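As a starting point, one isolated chain is supplied in structure tokens, in the form predicted alone.
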């Protein structure tokens, strides 16, 4: 299916897997050649297409080797498109022909239900499969963790729910399944338009959403954000680290935010920045320190940090290693990729490709993706902790830290910074800000980027189609500047 977040997508998430078919949610933000690759790799037979994506599919139809039928969808009444596609059906016409009393077949809980593809930043996208049991166990765990523990999302039956993670992105993080079970009112935004989303959050008194940090950033720093009452709103954040600047700005508007850590292969829940009982009476500025952590495992999940020989590292808050996980809902396979599946499940744990540490309270802190980690003079520098510190400098709108070559230390950090409109700052200003953090023991002094090449001011920080910062693009931009 290629679709915006509509009622049709919600219907399909139930109907297609329950019918016994494998439901491939196509990432509409991929490049056309990647979309064609994924459709062919999945051997899709039927494509459901919103009219907005009809020109895209028409342009690549000659490349699609397995598709036999096309179902077109639109919000327009009397929708009758002209198209070059063969064997075309209309969604509403098909629904009108069906009985409301259809009996779904009995299928195994271990049969495949959904398929989505990773971003493919290093090679072709990989197909991630979830079974009916995976989706069920994930929904139960997330519903219990978000619903039973105070001081967090406090998800309840009959609330108002607006998904702001696209339904093609790991089943909108699985939340539509249990929000439906809990009888919630759904506000489905279709295209993501900030003005419309802010208005609906206010008018519909939305209680609960989830999104990548880029979407929240876009909303809370919108020039009209303060015109709306957003004080009902609780938001789970993922896709990139929730930093203190963003959490504090949200709280200024009455919005409670909570960090979620996961990946496509984990459906996506792994850990959650939730409070323990002893934190409930802390002032909000201290609670935010826990809300923005990668967090502690969801109910039924396990996480550990290991060295390169797979020995578990102590929970001392500074022993950095590879993050591995086990849950009852992690994917069992990359679709038709047995070698990559074995690599993913090396040593019987799902290998995330992230590095981090666990502190004495049991909270995981992700410090980097393996591919983005900086090793300077043989020692690791956490880009995520540096980014969080830089983001608290008031003129900064957004930042990212990359590693750049250095003749003596192999690598040094470089802070890539986009300033808020109308603000000015120099490299010296940012360095002085970081020196205060070093003096307070919040970062190591030698982590601070060097003058002048450790500071790179850009008009905007680039993001990919799911909102993750494209550090590879920033590295290219930096290299071009310093040729």
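Model, not experiment: these values are computed from the prediction. Residue numbers count along the first chain shown, from 1.
The next section is about a form of this same protein that is not shown, the form predicted together with another copy of the chain.
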Using the partner position in the predicted bound form, report whether residue 284 sits within 4.5 Å of another copy of the chain, counting heavy atoms only. no
Report whether the minimum heavy atom distance between residue 123 and another copy of the chain in the predicted bound form is within 4.5 Å. no
Using 4.5 Å between non-hydrogen atoms, is residue 147 touching another copy of the chain in the predicted bound form? yes
Hey, in the predicted bound form, is residue 335 touching another copy of the chain, heavy atoms inside 4.5 Å? no
Answer with one of 384, 143, 164, 240: the residue that has a non-hydrogen atom within 4.5 Å of another copy of the chain in the predicted bound form. 143
Contact residue in the predicted bound form, chosen from 231, 108, 99, 158 - any heavy atom within 4.5 Å of another copy of the chain: 158
Heavy atom contact within 4.5 Å of another copy of the chain in the predicted bound form, the stretch among 205 to 213, 74 to 82, 308 to 316, 293 to 301: 293 to 301
